[in-house]
Structures are given as structure tokens and as C-alpha cells.
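The chain that follows stands alone, in the form predicted on its own, written as C-alpha cells.
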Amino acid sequence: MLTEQQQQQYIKPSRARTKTALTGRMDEGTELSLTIAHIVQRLKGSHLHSQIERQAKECLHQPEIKLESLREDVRSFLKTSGWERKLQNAVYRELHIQLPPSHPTAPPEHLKEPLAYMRKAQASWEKRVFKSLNSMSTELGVPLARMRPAVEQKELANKWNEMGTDEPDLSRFRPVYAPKDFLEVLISLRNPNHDGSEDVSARSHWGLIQVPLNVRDIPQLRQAYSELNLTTGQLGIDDHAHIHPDLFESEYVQIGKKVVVEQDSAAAQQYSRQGCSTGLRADLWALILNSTNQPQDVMHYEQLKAGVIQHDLLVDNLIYKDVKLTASNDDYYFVFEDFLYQVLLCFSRDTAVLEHFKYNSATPPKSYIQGKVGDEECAVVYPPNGVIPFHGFSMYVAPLCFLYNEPSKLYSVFREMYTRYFFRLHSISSSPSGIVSLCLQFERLLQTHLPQLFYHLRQIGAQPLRIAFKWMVRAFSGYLSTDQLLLLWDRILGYDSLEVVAVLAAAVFAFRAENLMEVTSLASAEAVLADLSTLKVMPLIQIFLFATAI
């Protein structure tokens, strides 16, 4: 039974947690002031700000608002009518996407990525990807963008909800890059200021990632992920155990309903750490991400749709090709083909996505108007959202189709998931949730806790990362069964980190260690790990983190 105290950890208002999140990041009062000023500045131009302002003006006509206590009465009205909670959720969202405090004179590129060699590698990779896109445009004689003729516009508008029935000839188009190409770039990363011979352990040279970044080991992970321990109830374990559902699940679901009613982002995030029940997951995720799907969000989606109908982009063909190669061939996701086209085509046109480049190590690629190459005034971001899709990109959206059947809602949740988490899986950075850190963490966990297995696989030319990279770069989408994938993503949202992806990758190797010790080649190792669809995520993570001898 969950005590009253345990229930309160989810449903009490988020003000205290928001305050903790603010002060936890700050050492000095001045930095705290700067952060508050930054958040106020960002929210000032928002739709929420104008809504609250309008509500405050309208409430002045109400009899309970007295002139002598005007400030308190207006504040009390905003609290009881739910606007204060909406403001708290908006502040909580800003705290999650906000850059960590830094020196006031630090150049903007240092805010995006503090390590110069990472910035250089990312810039070089971007140049290579965009060159590949331009070469494709030149070779195929397909412009990067063109206005659709009126007939084509009408045709696309009519079949908007059944684009999957279309069979365009995509044989000439190829993905700009696949995860394995990106992995080769990460393997070649080196810090020019680091002397590898200083490392105490020869084991650090066993892996493919050779950059010195701080990643957490099991003792630190146990502390950080304490809610996943063996004595705490988990959706994904206890709801499948041979015990009466009243002992955990039904009571836990009741608390989840309270969290949704309270509309508290911080409480929803805390709740998600132990998993979300199927019936509440869509509401809880939207609440954590503060994705409200207001009328203006629906209108924004409709504007993006109009942009797709008016203009044809070269990247549209890459999106079509990717959906055909991945989701359309997947037993779980093929039914969502139309949704995937709609969301991804709109996403490519959404200039609001450019906002995340303030804290992303990547820089949006630019193209030039014909005949004006090199003239910065004639440079435009291409595609408009600054994100070039790669092989497997559509799998970031596919699992969300199980939760949201309204395109505008699906779209706003995906955009928030991408700009908060998924962009880190395909950009080079030193972030703890970045793909470089995840790869290093995966290798370190295996080297430290399964050294014989790691050494064996390395000796037969089956470096573990070459097998696990494709899982991590997609956050396991397309590899796990959907119910298990959603339980994993619950924890990504709950802990506001992708670290759990690296932990699961290591746990999969630990689970199949006995079979892997008998393989003699990369092909046979891949065969042992080819099908993950029967795996149960939470037992694997729990056992690896909390039952591994240290």
C-alpha cells in the first residue's frame, strides 16, 4: 500500500520542486537572478503571457476583487482558476531546455558546446551531410525546393489522409546517411589535449570511443535512479507479477489520475519514473512536456500543412523513402504510415524547431538562392527546420502514434520530444545525454562489469558498440515491442535523461552473455542479438543496476 506521504510526492504542487530545480543549478544569487530574468523574458512574448494578462484584466470586473487588496485578489483569482499552475508548468519547461549558467562574456558557440574539438567535429560532419544532399540534388536534377503547380497542390490536399497509398518512384533517392556512417565519425573523435597514455587502466583502450568524458558507473547510477530499485513498485514488472493488481497497480493508477487532474508537470515527471499506465500515458507525457494543444497549436499545424501542400522539398523524398524502408516494414508501425508522412513533412517546414539550436551543438544548414552563392543576405536555412532526416528518423515518431490519434497533438508532442531529447542522438556533443557520452557509458559499463565478455567480443572482431549503436541512436524504437519501448521512454521523460538507453543496451548484452561467450564472429554475435522483441525492459534494467556485484 502507498502511504499518504508517498502519494504527496506526486500530487503536491510543483512550486517547491521548481524552486529546487532553479536553486540546484545555481551557486550564486546573481546567477539565479539571471536565470529568472531569462525565463521572464522568454515567457513575456508567449501566448500564455497574453492569456494571463487578459484574464487578470477581465477579473477586475468581479465583485470579490477589492481595490485595497488588488494585487492579492488578482493573484488569488489566477491561482483558483488554474492559471498559476499553467505558469508553473511553463517555467518548469523552460528550466528543462535552458542552457546551464555560464560566464556572461562566453561566446554563443561555447554555450552550444564547450569543447572546441567537439564543435569542430560537428561542423565537419554537418558539411559532409549537406554536401551529400547538394550532390544528390545536382545528380538527380531535383531542386532543393519548388512551388507545386495548382493541380498538384489540389491532388495532395485531397489525398492528405491517405498518402501511404502513393507509390512514387524513390529508387533514385538514397538516405543522406545511416547510423553506421555516423558511428565511424564518433570512433575517430580525439581530444588533442588529452594524452591517452596517462590513463591508469589499459581497459579504457578496449572500446571504440576514445574521448575522456565523465560518465556515471553503477554506484552513481544507483543513486541517480533510486526509484528503479528492487523494493520500489514498477509498472513493467509489478503489473505482470503473480500478485493481486490491488497491491500495486490499481492504487498506482489512482495516483496517476490525481496527477493528471492536478495538471502539474513536475508531479507528472516524478510519477513517470515508475512507469505510466497505458490509459494515462498520453496525458502524462503531454503534461511533462507541457504540450497543451491549444487552438493556436492546431492553427500552427494547419499552417505547416498548407506549406507542405504549396511547396515540394527534396527532403520530402528522403522522408518518403525512410518511412517506406523502416516503419512501413514494421509489424507494429505499418498502420501509421499516413500519420508519419503528415507529421514529418510538417516538421521539416517548422521554423519554430530552429529555437533548439541555441542549446544544440549543431548549426542549421544554409543554402543560397540560385546564382547568389556566398552572399549571406541570400542564404536560407534548408530544410526550414534545420534538420536533415537520416535513415531511421521516422522511428522517433512511430511509437507516439500509439498514444495520439489527433495529428496536431501528435505533432506537438513529437516536436517537444525531438527538441528536448532526440536531437542529442544524432549530434556530436559532450552532453551527458549526447550520443558520444551514451556510447562511452555503454562501453564502460560492459568493460567494468563484464570484462571477459567485452574482451572476447573484441578479440573476434565483434566490438559491442558496433552492434548496440543502432539501438541507441533510435532510443530502441523499432527494436523492442511497443509496450516495452513506451515503458523505457517513460523513464527517459521521468529522469529527463537518455542515460537509461545506454544502461539498457549494456543490460541486453549481460542478459545474452552466456550465448555471446560462445560466438566466434561478428555475424554470429549479431544473430544472437538480432531479435529484442521478446525482452522485458524493466527487469533487465533493475537486475543490471541493482543486482550486479560491484
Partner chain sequence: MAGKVKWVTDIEKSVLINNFEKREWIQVTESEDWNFYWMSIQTIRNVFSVDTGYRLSDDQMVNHFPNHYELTRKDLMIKNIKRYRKELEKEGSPLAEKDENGKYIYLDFVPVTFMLPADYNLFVEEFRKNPSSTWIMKPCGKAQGKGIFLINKLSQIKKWSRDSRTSTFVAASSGKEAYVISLYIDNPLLIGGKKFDLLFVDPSLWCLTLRYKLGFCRFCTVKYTPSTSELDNMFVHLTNVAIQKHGDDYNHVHGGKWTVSNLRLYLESTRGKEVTSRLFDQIHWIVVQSLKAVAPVMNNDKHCFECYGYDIIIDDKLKPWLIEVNASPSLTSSTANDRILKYNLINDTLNIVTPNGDIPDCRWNRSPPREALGNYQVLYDEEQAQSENAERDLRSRSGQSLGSKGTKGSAGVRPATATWK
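Residue numbers count along the first chain shown, from 1. Computed from a predicted model, the values in this text were never measured in an experiment.
Not on display, but discussed next: the form predicted in complex with the partner chain.
- Annotated contact segment (heavy atom within 4.5 Å of the partner chain in the predicted bound form): 274-282, selected among 470-478, 360-368, 134-142, 274-282.
- Exactly one listed residue, out of His194, Arg172, Lys257, Arg146, brings a non-hydrogen atom to within 4.5 Å of the partner chain in the predicted bound form: Lys257.
- In summary, among the residues Asp316, Asp330, Asp297, Glu126, the only one with a non-hydrogen atom within 4.5 Å of the partner chain in the predicted bound form is Asp330.
- Among heavy atoms of Val185, none comes within 4.5 Å of the partner chain in the predicted bound form.
- Of the heavy atoms in Glu162, some are within 4.5 Å of the partner chain in the predicted bound form.
- In the predicted bound form, none of the heavy atoms of Ile209 sits within 4.5 Å of a heavy atom of the partner chain.
- Contact between Thr482 and the partner chain in the predicted bound form is found at the 4.5 Å heavy atom cutoff.
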